[in-house]
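Next up: a single chain in structure tokens, the form predicted on its own.
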Amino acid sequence: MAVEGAGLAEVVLTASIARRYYLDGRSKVEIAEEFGLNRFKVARLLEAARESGLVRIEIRHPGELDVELSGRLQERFALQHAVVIDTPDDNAESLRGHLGRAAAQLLAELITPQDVLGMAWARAVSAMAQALPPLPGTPVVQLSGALSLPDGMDASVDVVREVAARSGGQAHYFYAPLTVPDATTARVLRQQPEVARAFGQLPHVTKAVAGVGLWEPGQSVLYDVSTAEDREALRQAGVCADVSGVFLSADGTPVHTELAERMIVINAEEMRSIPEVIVIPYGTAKAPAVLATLRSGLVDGIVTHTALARALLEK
């Protein structure tokens, strides 16, 4: 693209000056001396080159990280951290692997010896745990009970113990299911010593990781293992998303449900009190649930992939 209103000679001159400045690393004073111009003329030509498109500046990262989308997502939703991985893959297992490795890298950068890490189970959180490097003696706290899954994925206890083993910190875990038949049983379980001790660590948790599910078949592990009655009751209550067991409406408002009273998991207010919660969502179908999660104010960071990031920014 030519500099608007300029003759051919000036366009060639502008391009030559831009090449010296941006590619050769020459200073404006050096360029002015070479071309017999004053440095203010050089500065004006460089500005014209940028404004006209003769020079285009791109900020790129050589790896999988999409720097531009990460920055746009972070700014749009006022997040502390946003990491968008550039992968065209739409296979759920492969996406979990890519995002798990990215989340592990991010967490390793953020965690300090003074932090306490909370783990709310999700498939993506399990993938992150498998990719984590050693952490600096970080204690790890289980935030949700265990689900029995037919594919044998790691349960909450296994993930917490694995991460604590990598960090060398204390593991605060408990053996209890995520859901039980009635609220009375849930209250009794929460009073059991190991459960009470783990949840007693909540005031000390400074960082946590969680998954996001859309309240639809195949888009939420919790949905898929719930009864038909619970699924319909939550749908009628307006539930759009579950953030590792915390239910949200489409506008991000926490939804109180009878199912939540039968669950061994932290609630919305307890999640909100954690200084930094990072979610690891994947799959464009989950965009409404992720949008609800970002609107909720419960989360402070996200690790996701390009297709889902674009879907969120278009909403």
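Given the structure is predicted, the values throughout are model-derived calculations rather than measurements. One rule holds for the numbers: they count along the sequence shown, beginning at 1. The term rigid core refers to the most C-alpha atoms you can superpose between the two forms while keeping them within 1.5 Å.
Just so it is clear, the following notes concern the form predicted in complex with the DNA, a form of the same protein that is not shown.
Worksheet item: Is T253 close enough to the DNA in the predicted complex to count, meaning some heavy atom within 4.5 Å?
Response: Residue-level check for T253: no, no contact with the DNA.
Fill in: Touches the DNA in the predicted complex: S27 (any heavy atom, 4.5 Å)
S27: yes, in contact with the DNA in the predicted complex.
Discussion item. Can you work out whether N267 and the DNA are in contact in the predicted complex, taking contact to mean some heavy atom pair no more than 4.5 Å apart?
Written reply: Residue-level check for N267: no, no contact with the DNA.
Worksheet entry | Exercise: F40 in contact with the DNA in the predicted complex, heavy atom 4.5 Å | Result yes; F40 sits at the interface with the DNA in the predicted complex.
Discussion item. For the interface check, one of 27 to 35, 66 to 74, 286 to 294, 244 to 252 should have non-hydrogen atoms within 4.5 Å of the DNA in the predicted complex; which one?
Written reply: Selected stretch: 27 to 35.
Fill in: Displaced residue check between the shown form and the other one: T253, CA, 2 Å or over, core reference
No, because once the rigid core is superposed, the C-alpha of T253 moves less than 2 Å between the shown form and the other one.
Worksheet item: Honestly, after the rigid core fit, is V42 moving at least 2 Å at Cα between the shown form and the other one?
Response: The answer is yes; the displacement is at least 2 Å.
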